[in-house]
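One chain comes next, on its own, written as structure tokens: the form predicted on its own.
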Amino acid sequence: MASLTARVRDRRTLRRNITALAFLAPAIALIGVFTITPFVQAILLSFQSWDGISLETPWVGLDNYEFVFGDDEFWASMKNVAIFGVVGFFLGNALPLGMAIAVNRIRRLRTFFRTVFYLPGILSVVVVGVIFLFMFEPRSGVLNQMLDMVGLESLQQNWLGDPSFALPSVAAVFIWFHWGFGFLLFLAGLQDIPEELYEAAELDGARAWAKFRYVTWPQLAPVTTIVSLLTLLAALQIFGTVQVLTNGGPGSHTLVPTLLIYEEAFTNNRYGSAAAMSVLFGGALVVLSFLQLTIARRRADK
């Protein structure tokens, strides 16, 4: 009797697994065709030489990787994108969290601020780039004119043309452009925290910082993990903002790997070395993602 019950249970489990696989099959097929196949092709291309036109793609071994490892522009772009990643990870999370906490506390104009803070995220990256090109224009830009109006003309700068200010200026635009997404997720997470937890903390004499540290922050941990991961990846994959504002200049001071890979392939017609850069940069992103998820999972298990 027991063996019959086990066989029936096994059949039901098998039937459920087959049904689940049947529903997942279209998604698996799409991932295989549009994600895994191009990735494998990029790896193969990184060992070949191709100008984008010729039918011949000779095997060159590790030559493309040797070229990339010796390319100063590639390492300059990696350094720049590391700065974007650090700025995006810390400011890209801290600012939306602060904005969400402030909006969650107010009783009036909450809808207004929710709309205004999310507004940048619905704009096209080209529109954002053009807006800030006008704002950062050194002679007639809004920013320098405002500094002149308040008597701070000594702070006027060539924001996108000066190597010292170009990278911070582009990073500021990136933060402004992307904070709406994190803001909405943090606000939704705050509204899901039970009010009883704050009331219990108040009964224990907890002040604002203690309530944030022992109630808000732990309760927001799952949201923070998602927002920080997506913000970090968005910062490391920045492309459109840089291309529109500076196109990697002045010199290579705002050059990032995605823009360099684009230029290597579609301007210099060196698809093999562009593929090698893509493999190295993509591998770094995968390692960083797994590392961040592992750290977040261990913190959540504590």
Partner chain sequence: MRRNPTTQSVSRPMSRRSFVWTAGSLGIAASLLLQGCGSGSDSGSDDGTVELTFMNQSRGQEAALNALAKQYTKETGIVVKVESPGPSDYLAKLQAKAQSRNMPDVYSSFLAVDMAPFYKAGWAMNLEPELKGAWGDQFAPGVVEQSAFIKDNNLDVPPGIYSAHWETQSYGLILDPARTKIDPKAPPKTMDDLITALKASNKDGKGNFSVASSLTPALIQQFASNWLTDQQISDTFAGKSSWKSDGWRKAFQLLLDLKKAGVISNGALPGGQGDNPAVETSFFNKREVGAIFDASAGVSVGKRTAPNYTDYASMPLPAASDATLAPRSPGVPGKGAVVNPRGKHPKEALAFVKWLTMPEQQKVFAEEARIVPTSKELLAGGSLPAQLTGFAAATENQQKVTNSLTPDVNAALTRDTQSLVLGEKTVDQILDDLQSAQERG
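Positions refer to the first chain, counted from 1. Here the structure is a predicted model, which is why all the values come from computation and not from measurement.
As for the form predicted together with its partner chain, it is not shown, yet the points below apply to it.
Taking non-hydrogen atoms only, N158 approaches its partner chain to within 4.5 angstroms in the predicted bound form. Residue contact check for V33: none of its heavy atoms lie within 4.5 Å of its partner chain in the predicted bound form. For F69, no non-hydrogen atom is located within 4.5 Å of its partner chain in the predicted bound form, even though that partner is not displayed.
Taking the partner from elsewhere, T19 is found to have a heavy atom lying within 4.5 Å of its partner chain in the predicted bound form. Contact with its partner chain in the predicted bound form, judged by any heavy atom within 4.5 Å, is made by just one of L62, L44, I53, I28: I53. Put simply, of P218, P168, G121, P138 only one has a heavy atom within 4.5 Å of its partner chain in the predicted bound form, and it is P138.
With its partner chain left out of view, the stretch that reaches within 4.5 Å of it through heavy atoms in the predicted bound form is, among 122-130, 71-79, 223-231, 197-205, 71-79. Contacts to its partner chain in the predicted bound form (heavy atom within 4.5 Å) from stretch 227-258: Q243, V244, L245, T246, N247, G249, P250, G251, S252, H253, L255.
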